[in-house]
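Form predicted on its own, single chain, as structure tokens, below.
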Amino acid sequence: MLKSSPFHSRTAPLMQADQWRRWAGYRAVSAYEMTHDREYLALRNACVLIDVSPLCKYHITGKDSLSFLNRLVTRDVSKCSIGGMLYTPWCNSQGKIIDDGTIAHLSENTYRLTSAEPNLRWLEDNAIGMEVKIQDVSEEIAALALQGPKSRDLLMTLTDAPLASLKYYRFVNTSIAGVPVMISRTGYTGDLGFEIWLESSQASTEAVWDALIQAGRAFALQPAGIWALDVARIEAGLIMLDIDYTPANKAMIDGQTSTPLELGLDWAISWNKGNFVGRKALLAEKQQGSSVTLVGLEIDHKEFERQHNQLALIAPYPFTAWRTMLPLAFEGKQIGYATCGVWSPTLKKYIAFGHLQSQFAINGTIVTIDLDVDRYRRPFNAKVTKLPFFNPARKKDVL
């Protein structure tokens, strides 16, 4: 049986069509209304409130907590001071990604790691011989993502914490409606945004949700689900587990796995911090070059529309992101595959992610992607471009 989020008493009554989905053993909202149009537009123009409580959360404590994390992940955790956070993947010994998430440095020798899927066994296996305690606190901590250009203005009406000067990937401890919360300058939308972490008791979650909704009326706040989030994260060039890469512990064969270098996460590897799981394999890949590279694709939407119009059909632009593997070809030969795509209302472009053989992963290269036109598959041009597609300055700015 799927579990309910700590915010279920507030989110469930808002659902118009019971559009729930699975996320890490929880019921999660796809969209509150029949479509996610208003939710997406609020995200990019005002602000939205997204329940992200299904994230897996682990407290890492003990004398060897820093050493353990530096062994586990690709980033140098020693550079993350108390009050700071960082994004990082972690790999197996072959350099293939297991999962990715964030690490928050809560206090001396105390960290919190988040992940998309359960990782407790992997964490414990890598902690053997070290003085470290790993505690699964996924059900004890609730989380909300308040995202969008008006998110900071809204929060500043509810707390006197120094949010105006809070830098990207930093956090503060404060309170909302009398409830202790941690507010981090983080998110999965590529926009200005914050995540709010709190005790998962019903009294706490309802008080914080109600305070945000009440204050949000002056800022056009809209509760939002995964469909709107999916559009935003593709625009922001952010990868998703099980969609854009298969975790190494789920893959049936090596060809289904991905390395951080293949996914454009070379910036998230600290080569000089010492040994970590997968370093030897990743160093060899760095020296030899990756065979596959993740790229952005801009699909020829005008031709897509023209071909539908020839059949007296309206072009069915995908306002809800598709998540499927589609072949990518160059001069009739398959040279990769796409993993997700969507129409971007902000950019007015049909965009997608593609895994290409590295010799074709050059900006401006034209490849073809097969898309449906009525009952037939037809090839359409797609131009290779850098990720992210959307990266506004407000994401990182301070007042």
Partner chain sequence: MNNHKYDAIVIGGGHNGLVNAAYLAKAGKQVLVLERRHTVGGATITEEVYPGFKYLIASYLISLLRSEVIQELELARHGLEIMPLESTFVPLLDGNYLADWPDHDATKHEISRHSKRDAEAYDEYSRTMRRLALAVRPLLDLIPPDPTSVTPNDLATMAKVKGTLSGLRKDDFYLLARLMTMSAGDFLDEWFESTPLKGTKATSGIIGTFMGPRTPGTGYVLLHHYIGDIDGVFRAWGFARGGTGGLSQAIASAARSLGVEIKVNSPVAQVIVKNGVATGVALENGDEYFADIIVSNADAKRTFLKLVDSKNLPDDFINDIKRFRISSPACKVNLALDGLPEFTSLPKGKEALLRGSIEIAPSIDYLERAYDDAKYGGWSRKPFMDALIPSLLDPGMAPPGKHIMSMFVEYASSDLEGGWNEEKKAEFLDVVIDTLAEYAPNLKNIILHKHIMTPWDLENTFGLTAGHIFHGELSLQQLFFLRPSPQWSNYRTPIQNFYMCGSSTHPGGCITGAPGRNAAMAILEDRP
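Residue numbers count along the first chain shown, from 1. In this text the structure is predicted, and so the values were computed from the model without any measurement.
Absent from the display: the form predicted in complex with its partner chain. The rest refers to it.
Q) For the spot marked by 3, 250 and 254, is every residue within 4.5 Å of its partner chain in the model of the complex through some heavy atom? A) Per the other structure, all of 3, 250 and 254 touch its partner chain.
**Q.** Contact segment among 201-209, 123-131, 225-233, 288-296, judged by heavy atoms lying within 4.5 Å of its partner chain in the model of the complex
**A.** That would be 123-131.
Q. Taking the shortest heavy atom distance, is residue 350 within 4.5 Å of its partner chain in the model of the complex?
A. Contact check for residue 350: no, nothing within 4.5 Å of its partner chain in the model of the complex.
Q) Is there a non-hydrogen atom of residue 386 within 4.5 angstroms of a non-hydrogen atom of its partner chain in the model of the complex? A) Residue 386: no, not in contact with its partner chain in the model of the complex.
Q: Using a 4.5 Å heavy atom cut-off, state whether residue 377 contacts its partner chain in the model of the complex.
A: Residue 377 lies outside the contact set for its partner chain.
Q: Answer with yes or no whether residue 136 is in contact with its partner chain in the model of the complex, where contact means some heavy atom within 4.5 Å.
A: Judged by the heavy-atom cut-off of 4.5 Å, residue 136 is in contact with its partner chain in the model of the complex.
Q | Listed residue that, although its partner chain is not shown, lies within 4.5 Å of it in the model of the complex (heavy atoms), from 316, 118, 83, 327 | A | Going through each option in turn, the one that passes is 118.
Q: Could you tell me which one of 343, 58, 32, 68 places a heavy atom within 4.5 Å of its partner chain in the model of the complex?
A: If I apply the 4.5 Å criterion carefully, the residue I get is 58.
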